[in-house]
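First, one chain by itself: the form predicted alone, in structure tokens.
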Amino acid sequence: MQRLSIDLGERSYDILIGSGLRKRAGEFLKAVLKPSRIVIITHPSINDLYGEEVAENFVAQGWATDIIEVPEGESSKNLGQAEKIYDHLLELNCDRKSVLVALGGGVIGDLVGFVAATYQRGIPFVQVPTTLLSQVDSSVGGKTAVNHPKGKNMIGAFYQPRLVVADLETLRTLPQKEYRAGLAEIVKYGVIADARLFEFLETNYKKILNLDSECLSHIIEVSCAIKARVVEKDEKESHYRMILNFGHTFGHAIESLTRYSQFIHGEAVSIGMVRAAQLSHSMGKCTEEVSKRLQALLKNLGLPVDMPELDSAAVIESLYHDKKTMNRKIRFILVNEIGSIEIVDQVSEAEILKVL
């Protein structure tokens, strides 16, 4: 088992990475908290796979444990679904020592984190991410949110989990589409901070697609370590943490304009990274070779790289709803070379239209 620590003072916590860890989540939590009860929140399909064995270990610690199911998909990440969870928590008489457990991917993690941040002004929660994307990205760093029809993650809070338990075995039951979507976020880490990670992905993409355990352990640990360093420097995204949004500016616009139904998050980010790299080249920030390498790697990993047919004016308008946009100035994360990026505080509509 690998143990990484995020140092945020009194909000510090550990990220545990290894095989079979889901069955020991209660043991790990016991070293951190003394819950009054446990409420696991998950999707029906994940509950069928892992719900009982995760719950058993919490019960073994002597804690009353319940499971709440949330419908699958990004469309469940909304205020209406949050309200249904509040209703369940009130029916169970949950108090401020109750602990919520997010068992699932990014949708579950974001939704449960948001509920934990707002129920009784904040109760503890634990992340047990079961997708590659959530293990390397959304479960770490304390960003919690629900979507609004006009924008992704527009309603939320910075609220750190008390523990992250990433079990590599859960990746073997992931649909191939979900697994590959998670690889997009790992590619992102290579682009923004680690040229060696990017080169490792280029060299070992076939092993990674075949879920080679050594490769997986390496790329997940490196990705989490990069995110941990970024979050420690800028927990609430005042500026530096924005580098984690490379590819997300276009990606979120694509998700929003296709009503979260055509692409899953990592696929939209893949397309967004390609467009961001092309924008970087168009603005003289990087060579064309950078864009070509990125596109080739994403294609080798089975990820989409082509922009869907969307109205350019609608894309521009969606960008103005991006959380990084301030005073009607569209901010982008642009790449200089693999492993090095910069935050550009204002990119003109004309520059953006060139790559749309």
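Only a predicted model underlies this, so the values are computations on that prediction, with no experimental measurement involved. A residue's number is simply how far along the shown sequence it sits, counting from 1.
What comes next is about the form predicted together with a small molecule, which is not displayed.
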* Though only this chain appears here, would T170 touch the small molecule in the model of the complex if you measure heavy atom gaps against 4.5 Å? -> yes
* Asked: Within a 4.5 Å heavy atom cut-off, is V305 in contact with the small molecule in the model of the complex?
  -> no
* Find out whether any non-hydrogen atom of G113 is located within 4.5 angstroms of the small molecule in the model of the complex, and reply yes or no. => no
* Considering only heavy atoms, tell me if P175 and the small molecule come within 4.5 Å of each other in the model of the complex. => yes
* To do: Pick the stretch from 137-145, 91-99, 278-286, 198-206 whose residues have a heavy atom within 4.5 Å of the small molecule in the model of the complex.
  => 137-145
* Listed residue (G106, G272, P124, G190) with a non-hydrogen atom within 4.5 angstroms of the small molecule in the model of the complex -> G106
* Structure fact -> Of E232, E221, E74, D194, the only residue with a heavy atom within 4.5 Å of the small molecule in the model of the complex is E74
